[in-house]
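Just one chain follows, in the form predicted on its own, and it is written as structure tokens.
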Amino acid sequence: MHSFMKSAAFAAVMATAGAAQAQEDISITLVPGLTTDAFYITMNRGAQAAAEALGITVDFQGAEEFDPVLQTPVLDAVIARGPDAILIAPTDTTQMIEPLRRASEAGITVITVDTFIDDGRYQDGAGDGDFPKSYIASDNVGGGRMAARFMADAIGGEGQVYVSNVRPGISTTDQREEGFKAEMAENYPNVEVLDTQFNENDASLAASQFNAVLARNPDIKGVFGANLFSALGAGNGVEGAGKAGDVTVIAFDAPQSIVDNISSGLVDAAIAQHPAEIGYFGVMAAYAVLTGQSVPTSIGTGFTVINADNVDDPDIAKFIYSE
């Protein structure tokens, strides 16, 4: 929460500074991980709110799937148009370093949002990918730990669970898994975390993987879905196996589809990021750099846990991602 408070204060300062120094010819492009995901659509909404406050233009340009092979040509096209800054959710920690270096070498300010390149530590003179000015995102390790605590409480502190994940090499989902496993290892010794199942963002595969895990481990108690499709697929697998009352499903992210599944009981809880804040702070940070101000190299945003107890609360509804 402390990092979120710092970032909120930072944004307020930037908004004030920006209003006084509005430069309408500043152009920023937001390149999401993919354009069709409610998380990134909500992020863009926050980015546009910041753009309106500053009197500048922010474009939204991305691929329809989360894939560095698809994201790279989109990025190259954006670089060719020459915006002042690029906010990007890189789709791979290593494969997107060189494409983004091309932007930096073209004199374009680079800020990563949601995901990062290299080790995510920027401007420290170490590693191939330290050239972005800032990384703005949720604390994904912390979110994974939060999911583990909810899971452990739900299953009575003992039993077998596993992580349903996309694939290795995506900074956010790697960190969520890392945090989940670390929390269980450190604080819940009677919870056994089985091998991670990687589904390549395919909910159908995630569902069939649950059935395979269940066949090997008939007493499985829980699944942590590290992203939307992992959680949806795991939830569908649990339902299809008739195990909805026996297996706890914790989701990361909170689009309407996940929230509907919380209401129906298919998903027990969702760890909701605040993507609108990420987009808002991203634009503010880029504007600050472009107007000669310094920014933190890392800005953290918060989480909200949504479950059956609060899913209908109007104060919680604002954290549901919307398309």
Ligand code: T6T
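All values reported here derive from a predicted model rather than from experimental measurement. Start at 1 and count along the sequence shown; that's the residue number.
In what follows, reference is made to the form predicted in complex with this ligand, a form of this protein that is not presented.
- Heavy atoms within 4.5 Å of this ligand in the predicted bound form belong, among the stretches 110-118, 212-220, 94-102, 141-149, to residues of 110-118.
- For the candidate set N227, S134, Q71, N199, a heavy atom within 4.5 Å of this ligand in the predicted bound form is found for exactly one residue, namely N227.
- This ligand in the predicted bound form is not approached by Q175, whose heavy atoms all lie more than 4.5 angstroms from it.
- Contact check for Q273: a non-hydrogen atom falls within 4.5 Å of this ligand in the predicted bound form.
- With a 4.5 Å cutoff on heavy atoms, E277 does not count as touching this ligand in the predicted bound form; it lies far away.
- Contact check for D268: every heavy atom lies farther than 4.5 Å from this ligand in the predicted bound form.
- For the three marked residues, Y162, F180 and E183, no heavy atom of any sits within 4.5 Å of this ligand in the predicted bound form.
- Counting a residue when any of its non-hydrogen atoms is within 4.5 Å of this ligand in the predicted bound form, the hits in 34-63 run D37, F39, Y40.
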